[in-house]
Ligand SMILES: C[S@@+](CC[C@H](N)C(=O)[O-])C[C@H]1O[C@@H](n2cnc3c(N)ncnc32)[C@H](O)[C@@H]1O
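Just the one chain here, the form predicted alone, laid out as structure tokens.
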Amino acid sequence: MVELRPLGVSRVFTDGRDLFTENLMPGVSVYGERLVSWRGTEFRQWDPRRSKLAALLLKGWKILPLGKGSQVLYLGAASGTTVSHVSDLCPEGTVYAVEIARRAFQKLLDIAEARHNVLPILADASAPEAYAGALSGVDFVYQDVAQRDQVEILRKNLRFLGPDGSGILMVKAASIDVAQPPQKVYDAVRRALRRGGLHALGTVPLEPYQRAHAAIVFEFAH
């Protein structure tokens, strides 16, 4: 018998060890994750080794401003593992999921067919004008794009983020500069965000779940 309790952040639950989100599509497992029932509701286990956002929360981060109706721009959606959990957290909102790789996008389409709040967009996140007509303002930007110009890609997509919005940039250090220690890369990214008018609320390395990755949580500087 599983006993869950709120984690204290954005409708995420824990059994004291693992994380869970309430399943938007009861009975359906997205990537082979465990399904459990608690107090008449079904939940999906959230794997931190397959989802950097889960890793961030397990590292103790408590600020995740996602509500039931949040509008989310997800850049680098891949095959939709984390997208599906964000979908659980925003059942009355929309997750605009941008992915450029066609093979991964096909899996994303399969998820979107079952989940009414996921809108898949086959496009390059570095060229947001291609999908500007598909969305207006969003509350939250989540970016997981393993490219050298990660900060520039984020900057180009800030046009969609409302003035009170926030977001998370998942930084893969080796994609930016393989010769530098990861911490130096994270520091350089923070400085670049500051020059771009953003305020970093925190930088959280994701070891042991994700090697040489860090999450930088940001908002507009006021």
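Since the structure is predicted, the reported quantities are computational estimates derived from the model, not experimental observations. Numbering starts at 1 and follows the sequence shown.
Although not depicted, the form predicted together with this ligand is the subject of the following passage.
In the model of the complex, this ligand sits within 4.5 Å of a heavy atom of Asp124. This ligand in the model of the complex is not approached by Ser87, whose heavy atoms all lie more than 4.5 angstroms from it. A residue is said to contact a partner when one of its heavy atoms sits within 4.5 Å of a partner heavy atom; Val95 fails this definition for this ligand in the model of the complex, lying far away. Among heavy atoms of Gly76, some come within 4.5 Å of this ligand in the model of the complex.
The contact with this ligand in the model of the complex, taken as any heavy atom within 4.5 Å, belongs to Ala101 out of Leu135, Ala130, Leu109, Ala101. The candidate spot formed by Lys52, Thr82 and Ile153 is fully in contact with this ligand in the model of the complex: every one of the three has a heavy atom within 4.5 Å.
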